[in-house]
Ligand SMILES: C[S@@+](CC[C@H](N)C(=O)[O-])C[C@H]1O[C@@H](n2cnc3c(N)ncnc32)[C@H](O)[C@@H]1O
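In structure tokens, the next block holds one chain alone, the form predicted alone.
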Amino acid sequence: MERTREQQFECTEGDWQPTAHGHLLGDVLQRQRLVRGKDVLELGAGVGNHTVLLVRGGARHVVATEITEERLETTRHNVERLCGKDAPVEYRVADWLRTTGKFDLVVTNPPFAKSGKRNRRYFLDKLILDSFRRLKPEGELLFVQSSMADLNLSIQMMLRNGYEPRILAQREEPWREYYFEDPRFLLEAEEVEGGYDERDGQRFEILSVLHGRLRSWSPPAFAH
């Protein structure tokens, strides 16, 4: 395995390396006491950069998921190397929210620019719509997204689906080179009001970390 230069996490060629999105989410996990004593579900653990922070932040138990056994092995390798083999982490191969259990907190950096879906917001939308299935009463949701994924839409969806949303951190970042390689992405970026800013010939997005607590609710007796 090779090491990433910024975080010194070891990875293989097919692994996703930490991005600006991941770094901002990591900063929030380090600064704010969000996980101590909690059962946490991490979707898309990648090289384990956030998994390590969840352990160091005092999470009671972490379920770290990835889409393939190979990617999950990278997560396991880095967590065991940096936190020890006794770290309270369970590793599961799972497709997004298709896993079991109830948790105090769901944490993720959802795919967007390279989501591989016709609807580029697919993973964001599924997260906000369906994460309640994996949360305990008054559980919490924590994720990061780009302004080009329409921050206002995410906030409105969270409100409609029972969350009390708040923005914990924001940071402006220059566009990544691969954004310019996808013609459809360029067209979609123009359709989002306030999706990006352009100065001196350079484009910038705003990254936001959103947190939401699920409000208590009981469906009426006649509900399907």
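Note that residue numbering follows the sequence shown and begins at 1. Nothing here was measured: the structure is a model prediction, and the numbers come from that model.
Keep in mind that the form predicted in complex with the named molecule is missing from the display, and what follows is about it.
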{"item": "Output flag, 44, 49 and 67 jointly within 4.5 Å of the named molecule in the predicted bound form, heavy atom basis", "value": "yes"}
{"item": "Proximity to the named molecule in the predicted bound form (heavy atom, within 4.5 Å), stretch among 92-100, 148-156, 133-141, 79-87", "value": "92-100"}
{"item": "Interface membership of residue 212, the named molecule in the predicted bound form, 4.5 Å heavy atom rule", "value": "no"}
{"item": "Partner proximity in the predicted bound form: residue 71 to the named molecule, non-hydrogen atom cutoff 4.5 Å", "value": "yes"}
{"item": "Residues within stretch 115-130 having a non-hydrogen atom within 4.5 Å of the named molecule in the predicted bound form", "value": "123"}
